[in-house]
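The data below hold one chain only, encoded as structure tokens and taken in the form predicted on its own.
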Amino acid sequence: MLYIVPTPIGNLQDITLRALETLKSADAVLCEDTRRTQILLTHFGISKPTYRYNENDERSVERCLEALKSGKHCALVSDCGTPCISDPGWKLVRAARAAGIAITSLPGPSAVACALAGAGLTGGSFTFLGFLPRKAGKAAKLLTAAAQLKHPIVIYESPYRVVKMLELIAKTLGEQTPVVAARELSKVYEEYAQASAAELATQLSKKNKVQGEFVLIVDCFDSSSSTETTDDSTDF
């Protein structure tokens, strides 16, 4: 059995009871970084073998798959949040499914859901792009295509590249494009900042040091495209 186990994105108290029980009962924990995961396990008094899962190494994927084929119950975790969502894991999950291995995905912390709820931009559709390509041309093409859907666009970005990303958004979609920047979610210095892409880029560029992982929500929502109706037809 392969368990996909979300872990806190910042505040350790956000781990679920089910996640803790799964980690306690697993034969092994497959980690993005064993050192990061060990901190979590130690905090909750869990002692389990940990093994690094390297998605970019086919031998690592195969070793983890062989452990599952041998009958071991393995918990798959990333450094934070839900595995496979802009984090390693999907290749192992795909291989496990192909091999007929049972898979259980636990609900839990996710930066995209947390940021969207706090931003208040939409209660419905959105476009999640995760981490965009490093090449500006490819990133711009993805932004342009996503903007045509008229839904908020959600992007992950590091503190080292967030200014460049905001500048790219301003250049591609327009300087006045509204953006909500969520930083340090669930942590002590959690912050939401809302302004135009150009203004946020300017504000952050003036800081001596930008810290914390960012979730950028580009407001492309078009209320005029809502499919809500006021007729009296019967709902299902």
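Given the structure is predicted, the values throughout are model-derived calculations rather than measurements. Residue numbers run from 1 along the displayed sequence.
Beyond what is shown, the protein has a form predicted in complex with a small molecule; the following relates to that form.
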Inset, instruction - Choose from 162-170, 136-144, 85-93, 98-106 the stretch whose residues reach within 4.5 Å of the small molecule in the predicted complex, heavy atoms counted. - result: 85-93
Legend entry - Full three-residue contact with the small molecule in the predicted complex, heavy atom 4.5 Å, for 127, 194 and 219: no
Inset, instruction - Give a yes/no on whether residue 199 approaches the small molecule to within 4.5 Å in the predicted complex, heavy atoms considered. - result: no
Legend entry - 4.5 angstroms heavy atom contact with the small molecule in the predicted complex for residue 215: yes
Inset, instruction - Indicate whether the small molecule has at least one heavy atom within 4.5 Å of a heavy atom of residue 62 in the predicted complex. - result: no
Inset, instruction - Please check if residue 19 has a heavy atom lying within 4.5 Å of any heavy atom of the small molecule in the predicted complex. - result: no
Legend entry - The single option of 111, 74, 121, 132 touching the small molecule in the predicted complex, heavy atom within 4.5 Å: 111
